[in-house]
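Just the one chain here, the form predicted on its own, laid out as structure tokens.
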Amino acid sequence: MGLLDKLKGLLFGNETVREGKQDAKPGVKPADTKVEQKPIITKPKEEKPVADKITVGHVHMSGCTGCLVSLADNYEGLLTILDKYADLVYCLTLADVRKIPKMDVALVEGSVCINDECSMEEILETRENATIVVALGGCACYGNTTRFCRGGQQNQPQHEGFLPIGDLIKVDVYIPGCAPTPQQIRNVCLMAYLLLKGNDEQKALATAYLTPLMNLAAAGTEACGCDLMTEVINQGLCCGCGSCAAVCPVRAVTMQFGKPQIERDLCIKCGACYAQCPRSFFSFDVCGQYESITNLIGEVMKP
């Protein structure tokens, strides 16, 4: 077969050009040509562990992004949550969504700059579109260091007034701390899922876990290291563990003679020390069911 025959085969669609003989009609196969049929391979459908997920969003106001870093520090645990229990529908850092959508749980990080019209609109829109609003971290709960802002930034010198989100909208759950631990953020997301989608027993345990954090939200937006004095030490509850001193981001709490000493001039009112104390708000409502809640978290986090 010459080069001309090959070119004719390509031009007229002949799939079979024999040596010295061309098909009578272009594109028609001879009768003795056998076409090998390939077997059809069908891929199995992907099965999702949980079909009915909740929707979660992370709304970033005026903060340092430390709370988002703490959320990401769950590593494989975060992937398990996103795979089985929650769809991340809004997050400026991790999701390409520009407008705040409808969602079941909104994790709001940072305080709100009341000089910024966009921030004011976003926090009101978050409350309107979210079933549960969670104040994530000391800035969102109590204002933290942003309480002391006086403007002066080169790009936005008028940004000098900041408020915790609870002063502007109704907040359902607080996760205080600077920043909160990854485990607590994970646990709140899991408990929110069980509260919305679980059976009666799971809903009861989720309610027991979330009730103290809901009580914190109902108590208001004021926090201080003095809370340790009035609510823990003065009640004879301090065990001298040093958790408050270890968690304070500005080293305003030190341990002296086995008890915390609070430097009020250094305190930034973030609420981290009181939130971390094992004898404060959390243990009284949860300690009786601690083992059941721990086992539940272990079960749902299995890969």
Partner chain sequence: MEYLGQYKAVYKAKSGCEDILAKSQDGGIVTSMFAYALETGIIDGAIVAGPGSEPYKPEPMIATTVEELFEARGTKYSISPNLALIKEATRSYGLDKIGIVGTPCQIQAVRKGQLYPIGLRDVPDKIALAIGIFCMENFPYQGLFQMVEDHCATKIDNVTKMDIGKGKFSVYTERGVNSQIPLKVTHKYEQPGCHVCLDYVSNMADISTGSVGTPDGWSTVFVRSAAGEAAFNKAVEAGWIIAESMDGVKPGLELVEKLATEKITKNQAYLEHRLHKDHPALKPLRNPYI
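The term rigid core refers to the most C-alpha atoms you can superpose between the two forms while keeping them within 1.5 Å. Numbering follows the first chain given and starts at 1. On a predicted model such as this, the values are computed, not experimentally measured, just so you know.
Quick note: we don't show the form predicted in complex with the partner chain, though the next part is all about it.
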| item | value |
| --- | --- |
| Joint contact, Thr181, Asn187 and Ala245 to the partner chain in the predicted complex, by non-hydrogen atom at 4.5 Å | yes |
| Sole residue of Tyr90, Tyr193, Tyr209, Phe162 within 4.5 Å of the partner chain in the predicted complex, by heavy atom | Tyr209 |
| Among 194 to 202, 69 to 77, 165 to 173, 90 to 98, the region lying within 4.5 Å of the partner chain in the predicted complex by heavy atom distance | 69 to 77 |
| Residue contact check: Thr131 to the partner chain in the predicted complex, 4.5 Å heavy atom | no |
| Residue contact check: Val232 to the partner chain in the predicted complex, 4.5 Å heavy atom | yes |
| Heavy atom of Arg264 within 4.5 Å of the partner chain in the predicted complex | no |
| The partner chain contact at Leu213 in the predicted complex, heavy atom, 4.5 Å | yes |
| Stretch 237 to 261: residues contacting the partner chain in the predicted complex, 4.5 Å heavy atom cut-off | Leu237, Cys238, Cys239, Gly240, Cys241, Gly242, Ser243, Ala245, Ala246, Val247, Arg251, Met255, Phe257, Gly258, Lys259 |
| Core fit, then Ile169 C-alpha moves 2 Å or more between this form and the one not shown | no |
| Rigid core fit then Ile81 CA moved by 2 Å or more between this form and the one not shown | no |
| Core-aligned C-alpha movement of Met61 between this form and the one not shown reaching 2 Å | no |
